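Take a look at this one chain, the form predicted on its own, written out in structure tokens.
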């Protein structure tokens, strides 16, 4: 009997799992013993880290996307459409067009979405860089900016743990490159009592902020934006004026998770921290931003988790027990401006230790943005 592996979500995690299973089980897929299907809402695969560079006009939109079909093994089936709900009892993913995709093993890699609507007025009065559309609007806003107060505000949870710092450092050097540094004030807000949720990163960032005259405001949870007065107010009652507001908005899991009743209030799926199985299930795996795990929502997280899920799926299909475990590993580049970068790597046990920023690490980051697309022999 044919075994059906379905991956819901066509981002980095889902693509890695699909390709690794297909490569390991090519003979079985050719014979019809195993089928691998990817369900994706778009025919395009988006590399979201490019949007940060798009905002600064360092790349163009075409560099951030490729057809999903080009990135997947040719034996993998693609279903393009919107998943309405996941039904673990009948082991089906039900689509909004009325069709259903049955599975024996399901991998949920639906990611997360920015939810600026959670902060009143933010969509109207602020900018972000988490989608192509919003990054292009921010690019235009930066092009039209000739001095004033730039406020970077951070909501939680959000994807890419170091994105707030990256944008802050990059926009500070961008102002210098435009010759408007003397007319520009950079203000950074963060919702807890330090500059970053990861304490070693916060400690590393403090002297950098001081040296670059970036003004920090901690314990600032954004609550209300007034687009007319150009003010942002925190839950704590602090009010800041701005000329340009850039937000790292709070994020939520995808609506299909909520409709399926599988997630918590934020639509994150309860997931075993090492096996990556959905809590209470042996045939559903969850990875990337879709989980509720206390680990950074980052592309590298999804990739490392995908390696574990793919290995376990192959092992299970071959009669094993699927015993590989995820150790919480994350790797993040940190752009510290327009020409230098550092990085952090950490897991459930070992905290991050930022290194001295260098031009070489920045070049590695830019190179990775290109290497990402190498497939089927490359990173995906």
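Numbering follows the first chain given and starts at 1. Fair warning: this is a prediction, and the values are worked out from it, not measured in the lab.
As for the form predicted together with a small molecule, it is not shown, yet the points below apply to it.
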| item | value |
| --- | --- |
| Stretch from 336 to 344, 23 to 31, 59 to 67, 44 to 52 whose residues place a heavy atom within 4.5 Å of the small molecule in the predicted bound form | 44 to 52 |
| Partner-contacting position among 220, 130, 167, 268 - heavy atom within 4.5 Å of the small molecule in the predicted bound form | 130 |
| In the predicted bound form, the one of 150, 262, 195, 302 near the small molecule [non-hydrogen atom within 4.5 angstroms] | 302 |
| Distance check, residue 8 to the small molecule in the predicted bound form, heavy atom within 4.5 Å | yes |
| Touches the small molecule in the predicted bound form: residue 83 (any heavy atom, 4.5 Å) | yes |
| Partner contact for residue 39 in the predicted bound form: the small molecule, 4.5 angstroms, heavy atom | yes |
| 4.5 Å heavy atom contact, residue 111 to the small molecule in the predicted bound form | yes |
